[in-house]
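Just so you know, structure 1 and structure 2 below are the same protein chain in two forms, each on its own as structure tokens.
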Structure 1
Amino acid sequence: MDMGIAGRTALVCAASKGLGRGCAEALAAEGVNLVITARTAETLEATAASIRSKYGVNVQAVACDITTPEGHAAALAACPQPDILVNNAGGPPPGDFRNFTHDMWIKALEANMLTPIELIKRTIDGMIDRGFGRIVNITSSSVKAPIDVLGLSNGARSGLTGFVAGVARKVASTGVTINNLLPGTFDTDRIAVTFEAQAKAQNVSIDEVRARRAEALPAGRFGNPDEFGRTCAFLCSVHAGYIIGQNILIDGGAYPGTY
């Protein structure tokens, strides 16, 4: 299927590895030119070089912390008028809510709620003026079914979800869509941190936690970033203009609800 977005420009945040990179690669495969961000310059440059070589698109790497005002400025200076915006940032640490300080809450909100809102605010009017825009926020399956050790993430990402629910419908008639992708258990560095916390809490090995989690999934395995990225690319395509304000759960069947 031709996604109809070749030649478009995308700003993909936190894209040096994991789910962000999966999204960047899938968009590049459709001929989309990229500006990608991440904090570690060396890793980011290596990713950019790999995508350029593999797909033949323009890729600009911006090493920054996208969760800070300085990071917003650097990313938008490189890509002030994206056609596609993929919001992504590393999640806050796991733990017992009793130990979460005010500063930890503020940092979580800045990364996983306020930064996506700021980037949407600063790019959406250009999309509206051009009559086309796709915004995809990578959130978490915890928005649908909270994860006990991820209280900071549960709260911050749910706040973003509520914001998007209103704004997506307000701009739906302009050719701009906003949707959220909710990853479940994907085989990334991030999930390794969560497994480590769970192993410590349960006094078992990390391998045992991994094995239990995989066995508990109806799919019988963890997801991989490539399949996540292809879902993102479809949401960014010309074929997805009637998908508005949705929370697309990609969790291998883990959530047991009917609705």
Structure 2
Amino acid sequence: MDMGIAGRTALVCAASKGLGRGCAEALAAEGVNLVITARTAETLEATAASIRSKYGVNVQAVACDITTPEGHAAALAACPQPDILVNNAGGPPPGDFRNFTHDMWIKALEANMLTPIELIKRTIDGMIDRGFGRIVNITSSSVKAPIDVLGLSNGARSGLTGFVAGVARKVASTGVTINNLLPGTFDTDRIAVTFEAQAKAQNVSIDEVRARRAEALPAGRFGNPDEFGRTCAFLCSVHAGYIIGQNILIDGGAYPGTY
């Protein structure tokens, strides 16, 4: 299927690895030119070079911490008028809510709620003027089914979700859509770190932890960033203009509810 977005420009945040990279690659495969961000210049530049040579699109790499005002400014200086915005950043640390300090809450809010809201605020009017825009926020299945040790994530991402629910409908008649993608368990570096910690705590091998976790999922496996990215590319396509303000779970069936 032709997604109808070749030649468009996308700003994809936190995209040197994992789910952000999956989205960047899938958009590039549709002929979308990219500005990608991540903190480490070397890794980010290597990703940009790989995407350029694989898909032949323009890819500009902007090394910055996307959760800071300087990061917002750098990303938007390189890409002031994106047609597509994919919001993403690292997730907050796990822990007991009694140990979450005010500073930790502010960091989680900056990363997983206020940065996406700021980038939406600063790009959406251009999209409305041009009559086309696609905004996809990478959130988490924890928005739908909270994970107790991820209180910072549950809270901050729910704030973004509530904001998006209102704005998405407000702009729906202008050709601009805003939706959230909710990953369950995907095979990325972030998950590998969690498995390492669990293996250590339970005194078993990492392979054993991985096998047990995969078995517990209805799909019997983890998701991969490529299939996540393709769902993102579809949401950014011309065919998805009637999908407004949705929270789309991609979790291998892990969420147990009927609705």
Ligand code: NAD
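Nothing here was measured: the structure is a model prediction, and the numbers come from that model. Residues that one form lacks are left out of the comparison. Note that the rigid core is defined as the largest set of C-alphas that superpose within 1.5 Å between two forms. Sequence positions of structure 1, starting at 1, serve as the residue numbers.
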* Asked: Given the two isolated forms of this chain, which one is the form predicted alone?
  -> 1
* Using a superposition on the rigid core, decide whether the Cα position of I206 changes by 2 angstroms or more between structure 1 and structure 2. => yes
* **Shared-residue segments moving between structure 1 and structure 2, Cα shift 2 Å or more over 3+ consecutive positions, core-fitted** => 192-212
